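Only one chain is included here, represented as C-alpha cells and corresponding to the form predicted alone.
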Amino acid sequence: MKFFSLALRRFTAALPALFIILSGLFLLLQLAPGDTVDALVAQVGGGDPTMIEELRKYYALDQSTSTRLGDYLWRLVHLDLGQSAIYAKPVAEVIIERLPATLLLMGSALALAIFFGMTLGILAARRVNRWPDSLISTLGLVCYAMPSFWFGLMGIFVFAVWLAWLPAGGFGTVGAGLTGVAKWLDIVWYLVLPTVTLALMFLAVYLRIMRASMLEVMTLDFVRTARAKGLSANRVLVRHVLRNALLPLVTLIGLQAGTMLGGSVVIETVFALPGLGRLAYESVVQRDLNTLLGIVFVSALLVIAINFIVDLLYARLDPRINASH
C-alpha cells in the first residue's frame, strides 16, 4: 500500500507538468507554418479548394486554437489520443506498435552505459593520476565530445559496410519468418550498433561522475575509520565507498531519462528503427499534431516512471530517506 500511495503521489504531482508540456507544445505548433491538411495536399500534388475545405473540417482545423486545445485536453482526460493523420488509425495503436523498439533501445543502452560507466569510473578512481586514469578520462572525453549521429554513421561504415559484421539498420531480418527465441536473437543482433551508439555518450558522463564521486567518498572520515579497523581494500570499496558513491550516479540517471529519449530520435532515424523517435520525426514532417502530442504524452509518462524507479533506488541506497518519511 505504501508503494502504490507513493506512486499515486508522484503521478499527481506530475499532472501540472504534463498539462503545461502538452499545452505549450500544442500552442507552439500553431505558430509553425502549415498544418496537417497542407502536408497531405502536398503529398498528392495539390487539390481543389473544396476538398481542402472538407479536409480542414474533418480534422477540425476550421475551429479556433483555444477550442481545439480544449477538445484535445478533454479527450486526453478520457485517454483518447485521437486519430493519426499519417496512418489513418488511432494514435494509441500506432504508439503501441512503435513503443517496443524504443523501450528495447533505451533499456539496453542504459544498462550498457551504467555497467561500463561504473566499471571504468571505479577503475579510474582506484588508479587516479596513473596511466589507466588518464586513458579512461581521455576516452570518456572523446565519447562525450563526439555527436551520436557521427558515431552511428561511422559504426555503419566500419562494422556494416567495410567489415560486414553487423546489419546497417532495421529491426530484424525482413521476410525471415522467425519466431520465438530465434526472432529475439535476430532483433538483438540488429540492435547492437544502435545500442552502442546511444550508450557511448551517456557512458562517458557516468564514468566521469562515478570517478569524481568515488574520489570524494574515499576522503571521508568513515572510510578512513573502516581502513583503520583493518578491513580489506575490496571490502571497504564495496561496503562503504561504492554504496555512497552511487547516489550522484542514480540521481543523474533520472535526470537524463528525457535526454536519452531525445537521443533516440537521432539514433532511430540513422538506423531506420521503427520506434517512437522516428515516429516523432515523421509526425513533425507530416504535421500530424495528434501523433506528435501522443508521443510527447507517452514519453512524459516514461520519464515519470523512470524517475519513480530512481527514487526507490535512491531510498534503498540511502536509508535516511526512508527514515525521513
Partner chain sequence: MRFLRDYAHSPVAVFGLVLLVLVIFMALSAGFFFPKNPLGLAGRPLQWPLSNPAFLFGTDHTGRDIAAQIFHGARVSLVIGLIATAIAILIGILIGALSGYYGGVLDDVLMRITEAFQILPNFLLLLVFVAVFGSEFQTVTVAIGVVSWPPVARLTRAEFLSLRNREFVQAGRTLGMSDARLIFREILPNALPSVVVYSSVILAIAILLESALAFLNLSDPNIPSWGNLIGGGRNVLRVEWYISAIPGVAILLTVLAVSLVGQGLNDALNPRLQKQ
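By rigid core we mean the largest C-alpha set that fits within 1.5 Å across both forms. The structure presented is a predicted model; accordingly, all values stated were derived computationally and were not measured. Residue numbers count along the first chain shown, from 1.
The form predicted together with the partner chain exists for this protein as well; it is not shown, and the discussion that follows is about that form.
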* Asked: Heavy atom to heavy atom, is residue 262 within 4.5 Å of the partner chain in the predicted complex?
  -> yes
* Does residue 184 make contact with the partner chain in the predicted complex, using a 4.5 Å heavy atom cut-off? -> no
* Asked: Looking in the predicted complex, any heavy atom of residue 303 within 4.5 Å of the partner chain?
  -> yes
* **Proximity of residue 63 to the partner chain in the predicted complex, heavy atoms at 4.5 Å** => no
* Pick from 142, 73, 88, 79: which residue has any heavy atom within 4.5 angstroms of the partner chain in the predicted complex? -> 142
* **Sole residue of 153, 122, 252, 192 within 4.5 Å of the partner chain in the predicted complex, by heavy atom** => 153
* Asked: Looking at the partner chain in the predicted complex, is some heavy atom of each of 101, 110 and 170 within 4.5 Å of it?
  -> no
* Structure fact -> Applying a 4.5 angstroms cut-off on non-hydrogen atoms, the residues of 241 to 277 near the partner chain in the predicted complex are 258, 261, 262, 265, 266, 269, 270
* Core fit, then residue 281 C-alpha moves 2 Å or more between the shown form and the other one -> no
* **Per-residue C-alpha change between the shown form and the other one, residue 272, threshold 2 Å, rigid core fit** => no
